[in-house]
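Let's start with one chain on its own, the form predicted alone, as structure tokens.
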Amino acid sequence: MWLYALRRLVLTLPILFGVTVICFALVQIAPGDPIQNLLSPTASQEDADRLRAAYGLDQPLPIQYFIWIAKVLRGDLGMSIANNAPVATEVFRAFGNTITIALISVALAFVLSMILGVIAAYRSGSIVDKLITAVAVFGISVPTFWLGVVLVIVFAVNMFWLPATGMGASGSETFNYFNWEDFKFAIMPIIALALPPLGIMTRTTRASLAEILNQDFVQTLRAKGLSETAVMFHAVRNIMPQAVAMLGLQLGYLIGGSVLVETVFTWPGTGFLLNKAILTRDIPLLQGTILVLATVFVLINLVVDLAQSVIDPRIKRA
């Protein structure tokens, strides 16, 4: 097990290196000049050159990359051009806000998808199966930003049940998930984030379990006199590696793909921060945010690989 974990960790290192190269290259080829956003219309070319040199943007791109990666390896993501604050502080504060609602959303989606997927597979071909499949397809198909807008209109504008935007009555610095007045701000973002993975994982669970239930060993278990609950328990155990893989992938997608949802609800997470960095062409903030999100996605996949090897010993021998 430890040898397998070490091998997977070593294979992750070149992937992380590739992530840094792609992250740097994509940001650099984007149009726009971040220095122009900081200068007044009357600023001279000398002022622009001086400011560009202060941020190291006057160097050739390979030199800029090596300077940036050397700082990253020391834990320094640079300084934000827009607000002159440490990028690491900005990114990790926003990441904490994102990971919380992402974890709640994916946990909610996983539990509901297992319940709905098991029911649909057990009642395959029935009206219940068709209804659950229709809900799953809706969850996969609906755009998250549209769902966010609809939730705001229904629950905030028309019914006045939930606050439309923001993060807590007292702001993100004092947000408390165990305080109902604060948690109300997170309900709609969690629902908007949870619906797509709920649909994906429900369909995956239903398809995998339906295939397992048609295998010979299930008929053997029933022939031995096991109850349907015990048979279902054995069948669900066989789909857990796929379920864990889907759980990890969906968590990674939620963390990296929350830009639209966080923008709709003005939730101060990494998606909202990324959107702000794009609009202001804040290169250090943009690079730092993308790098952290990509690294987290890679590490989540590593954890999923290790978790699968624990659940299914056959993976370790592969």
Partner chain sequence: MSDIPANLIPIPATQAAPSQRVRSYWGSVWNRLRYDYVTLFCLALIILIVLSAVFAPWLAPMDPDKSSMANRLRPIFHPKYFLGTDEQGRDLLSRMLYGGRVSLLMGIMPVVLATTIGGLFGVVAGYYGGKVNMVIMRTMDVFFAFPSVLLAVAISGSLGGGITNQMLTLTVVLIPPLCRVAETATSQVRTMDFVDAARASGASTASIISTHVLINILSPVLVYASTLVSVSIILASGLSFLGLGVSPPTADWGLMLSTLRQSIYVEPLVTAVPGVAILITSIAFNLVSDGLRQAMDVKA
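Positions refer to the first chain, counted from 1. Because the structure is a prediction, the values reported are computed rather than measured. We call the rigid core the largest set of C-alpha positions that still match within 1.5 Å between the two forms.
Not pictured, yet referred to below: the form predicted together with the partner chain.
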item: Answer option from V128, V111, A85, V137, heavy atom within 4.5 Å of the partner chain in the predicted complex; value: V137
item: Q64 within 4.5 Å of the partner chain in the predicted complex, heavy atoms; value: no
item: V303: touches the partner chain in the predicted complex, heavy atom cutoff 4.5 angstroms; value: no
item: Close approach of A48 to the partner chain in the predicted complex, 4.5 Å, heavy atom; value: no
item: L26 within 4.5 Å of the partner chain in the predicted complex, heavy atoms; value: yes
item: Residue stretch of 238-246, 212-220, 143-151, 91-99 approaching the partner chain in the predicted complex, non-hydrogen atom distance within 4.5 Å; value: 143-151
item: Y65 C-alpha moves between this form and the one not shown by 2 Å or more, core aligned; value: yes
